[in-house]
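Below you'll find only one chain, the form predicted on its own, shown as structure tokens.
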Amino acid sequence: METENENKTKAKNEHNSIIEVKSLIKKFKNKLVLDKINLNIEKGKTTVVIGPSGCGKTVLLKHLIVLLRPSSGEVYFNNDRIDDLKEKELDKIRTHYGFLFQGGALFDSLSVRDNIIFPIDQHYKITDWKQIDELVKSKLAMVGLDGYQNYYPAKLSGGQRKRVALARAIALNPDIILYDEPTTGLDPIRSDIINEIILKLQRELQITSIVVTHDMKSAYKVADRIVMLHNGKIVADGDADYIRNHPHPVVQQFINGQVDEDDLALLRMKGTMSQAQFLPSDFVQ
């Protein structure tokens, strides 16, 4: 049952939504991953999606850009249904989106400059290369990496690769950026740099951001709204304070990083450990 807080959030988001998901169900064979998801994403705000591994966060994210299609249900962008469009029709829609993949997904054989140019080259015929170089410079400046144009991904740190990937994600001046675990694999300082860039892009470019993360410190810092998924359903929806004080034990268990009591009991059971199949001496010649 939705609380009064969640009903108010839902009504507000419906009024100014840029993305809307209606009764979204996704199955992979017989496995139900998303179970009748209804979600409105408010324009110009940052919505963070949290939840345990395997709950359907990344699957949901991919539906928003129709990298996956629903088993049933509908997805809308600016009030137009998009989940039933053909791939050629989706090409134009996707120019409104930027996507930061979990690993960055840079092309190792391309320089930083050419990585950022890549999405532009895919959608448009480039004629003014001076203008393109100025665009690359401005996008790198947004993420604090102007001057790295001629570097290759192998020469960059993990945090720098994420920032280059983010510069590429904003190359087409998108309305929306989808972030899949943007701080995974980064130390706390580099993670906070990514958080600051997310806030900067929203503040300066009025970009709508949707962030999938396990990182609660990051979630609390960047979110206007936090949505929690559990077993394919939305179990909590509100601002950071609302989520911190949510009464549901599943929410509290996740945000505080607590092991389930049943799992804890299993881990603490006494018993003998099975012998290793091989010993180190078995490999000595």
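So that the term is clear: the rigid core is the largest set of C-alpha atoms that superpose within 1.5 Å between two forms. Because the structure is predicted, anything quoted here is derived from the model rather than measured. Residue positions are given as counts along the sequence shown, with the first one as 1.
Heads up, the form predicted together with a small molecule isn't pictured, but that's what we're talking about next.
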**OP:** State yes only if every one of 158, 162 and 195 has a non-hydrogen atom within 4.5 Å of the small molecule in the predicted bound form; otherwise state no.
**Re:** no
Original post:
Though the small molecule is not shown, can you say which of 146, 175, 74, 181 has a heavy atom within 4.5 Å of it in the predicted bound form?
Top reply: 181
Original post:
Considering 59, 243, 37, 41, which brings a non-hydrogen atom within 4.5 Å of the small molecule in the predicted bound form?
Top reply: 59
Subject >> Partner contact for residue 30 in the predicted bound form: the small molecule, 4.5 angstroms, heavy atom >> reply: no
**OP:** Determine whether any heavy atom of residue 54 comes within 4.5 Å of a heavy atom of the small molecule in the predicted bound form, and answer yes or no.
**Re:** yes
Original post:
For residue 214, is any heavy atom within 4.5 Å of the small molecule in the predicted bound form, or not?
Top reply: yes
**OP:** Consider residue 102 of the chain shown here, and say whether it contacts the small molecule in the predicted bound form, taking contact as heavy atoms within 4.5 Å.
**Re:** yes
**OP:** From the candidate stretches 215-223, 230-238, 244-252, 46-54, select the single one in contact with the small molecule in the predicted bound form, where contact means a heavy atom within 4.5 Å.
**Re:** 46-54
Original post:
Rigid core fitted, is the C-alpha displacement of residue 103 between the shown form and the other one 2 Å or more?
Top reply: yes
